[in-house]
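In the block that follows, a single chain appears as structure tokens, in the form predicted on its own.
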Amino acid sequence: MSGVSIIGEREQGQDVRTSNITAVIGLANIVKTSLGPQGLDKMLVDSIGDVTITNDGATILSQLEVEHPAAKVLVELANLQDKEVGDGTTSVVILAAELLKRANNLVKNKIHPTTVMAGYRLALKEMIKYIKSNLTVKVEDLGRDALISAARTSMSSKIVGSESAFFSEMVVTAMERVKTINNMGKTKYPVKNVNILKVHGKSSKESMLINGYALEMGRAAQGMPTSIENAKIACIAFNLNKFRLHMGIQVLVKDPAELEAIRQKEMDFTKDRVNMIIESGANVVLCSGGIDDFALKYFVEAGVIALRRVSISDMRRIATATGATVVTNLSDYETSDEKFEASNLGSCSLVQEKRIGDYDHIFFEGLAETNCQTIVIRGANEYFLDEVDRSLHDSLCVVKRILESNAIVTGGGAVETSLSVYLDDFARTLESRELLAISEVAESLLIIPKTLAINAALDATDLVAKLKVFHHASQTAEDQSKKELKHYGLDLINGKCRNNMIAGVLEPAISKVKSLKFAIEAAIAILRVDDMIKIAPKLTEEDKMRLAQQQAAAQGQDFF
């Protein structure tokens, strides 16, 4: 017994381990039924009544108000997978929970946690080595169809699954067009260059891909032109309102006639700024602040399209894509005069206003520096549009990862089953206690194909047993035709096993590698904890007084 007194609660040893793992398994059970193409959706209602309908693991967990510290690790894990890869958030949580559950059983059977963690790390090292050497296939060997198949696989579990052929073509085309080469000479496909706009009305099949960047706003005044070719774009990050003196500055006027002159000078100040921008050659002006009506008059007379209250993030993207500079003020630091240089302007071949649905949109096409794309999603209601947006974002991330890493693997539980069979054989070659932990990792991996089968209302035991037979044959046979059995995974529509490479069920290799890394790291982080201390909040004077009264009452004494 420790001689130190702790004001709060303390859990130690097996108690804290069991508590943590129970919380983690409870959280994983929430998302377990949403895994795979036959997975179900969750309806989440927040404190003010906003509804979210989704089966995206990261979205579900981020909406939950999780209090348990171990369960929070899993929420962060799902967010990290979403950020790094964009897909596979549900499977990484389910795998981490299963690893912890089996690790806890080993610890209960007198295997030290350090041995279990060493076994998990060794298993991770072997799995990554095996994926890279045996399971990955280069995209260039399969061509563009592999990208479309991977995008379709990502969407198969989402609300757009029935229209995945339509949307996958759109997603791949968008990502191929935003190809850029950075300063290091590496080819990059930035997802941020694909803008997704949600417009109510019509069906999802009437969504469209636009070669350019679109903003959901109209011209600042109806007298402005609706389209401009060979546009010169100015990006202004300050207000073009009537100039006002700063707070605290006073002007003493003796002659009332001078008041009108002061008002006129304030208006001329903004007029000069507007004229500077127009004289530089700008015929499209994006302003992050407001533009007064009298300032709009000068833009209308000059035949310029002006947009007000453009979000700074949209403005920066347009500035990068057109080669413009975002100007925060017009002051010249050397001369203290105000001027607007023509070098600050960006350019694109066409800027035009179109009406889509109930709102006007401004389209920037033929951008000078980098290409941007816009996907306009159509749909019946807000919940549908939000879920389609999340689905397309996941698919865009998947295609980006495949294009940048040039490696794919087969889906449908093929990789997990193959790794499970390999680790089982590898564990038998060891003589140390780590083999027990590695065997448990091999069993844990099968939770993915099992869950996929259960969610599709199929016999999980039968299908997983058949998968293991196929993969064992592929790893032990010398015949090249049997080696192709390593691509066998689940066909959840017909309830049988098939070659998923031929069927087009593909995933980025980096998604599998990252999910295994994150799941095992999270399991180890939670398994390392053997002591949890919850410090009690500091007592106020009122609390101390109330406690003293309760103690006095318990002893039968009069407190006063």
Partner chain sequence: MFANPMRQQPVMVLQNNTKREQGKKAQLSNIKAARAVADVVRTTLGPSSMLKMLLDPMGGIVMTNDGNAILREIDVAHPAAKSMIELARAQDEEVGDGTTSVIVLAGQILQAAEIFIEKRVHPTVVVNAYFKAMEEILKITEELGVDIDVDSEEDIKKIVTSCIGTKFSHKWGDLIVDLAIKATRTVVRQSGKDVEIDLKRYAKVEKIPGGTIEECTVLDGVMFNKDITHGEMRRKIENPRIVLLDCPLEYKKGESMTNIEMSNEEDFKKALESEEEEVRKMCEHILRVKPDVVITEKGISDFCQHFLMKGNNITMIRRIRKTDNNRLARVCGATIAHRPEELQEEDVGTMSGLFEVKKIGDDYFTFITESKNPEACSILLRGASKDVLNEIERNLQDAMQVARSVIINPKLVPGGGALEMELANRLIKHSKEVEGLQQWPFKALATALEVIPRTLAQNCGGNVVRLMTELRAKHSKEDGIWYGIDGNKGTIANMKEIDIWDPVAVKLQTYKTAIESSCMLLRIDDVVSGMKKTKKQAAPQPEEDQPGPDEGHTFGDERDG
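All of these numbers come straight from a predicted model, not from anything done at the bench. Positions refer to the first chain, counted from 1.
The discussion below concerns the form predicted in complex with its partner chain, not included here.
Partner contact region in the predicted complex: 449-457, out of 480-488, 415-423, 144-152, 449-457, criterion any non-hydrogen atom within 4.5 Å of its partner chain. Only one of 463, 285, 117, 71 comes within 4.5 Å of its partner chain in the predicted complex through a heavy atom, and that residue is 71. Residue-level contacts in the predicted complex: of 239, 374, 320, 164, one residue has a heavy atom within 4.5 Å of its partner chain, and it is 320. Looking at its partner chain in the predicted complex, residues 37, 389 and 401 each place a heavy atom within 4.5 Å of it. Its partner chain is not drawn, but in the predicted complex it has a heavy atom within 4.5 Å of residue 27. Proximity of residue 313 to its partner chain in the predicted complex falls within the 4.5 Å heavy atom cutoff. Taking the partner from elsewhere, residue 212 is found to have every heavy atom lying beyond 4.5 Å of its partner chain in the predicted complex.
Contact annotation: residue 281 falls outside 4.5 Å of its partner chain in the predicted complex, judged by heavy atom distances.
Of all the residues from 356-394, those having a non-hydrogen atom no more than 4.5 Å from its partner chain in the predicted complex are 357, 358, 359, 360, 370, 372, 378, 379, 380, 381, 382, 383, 384, 389, 390, 393.
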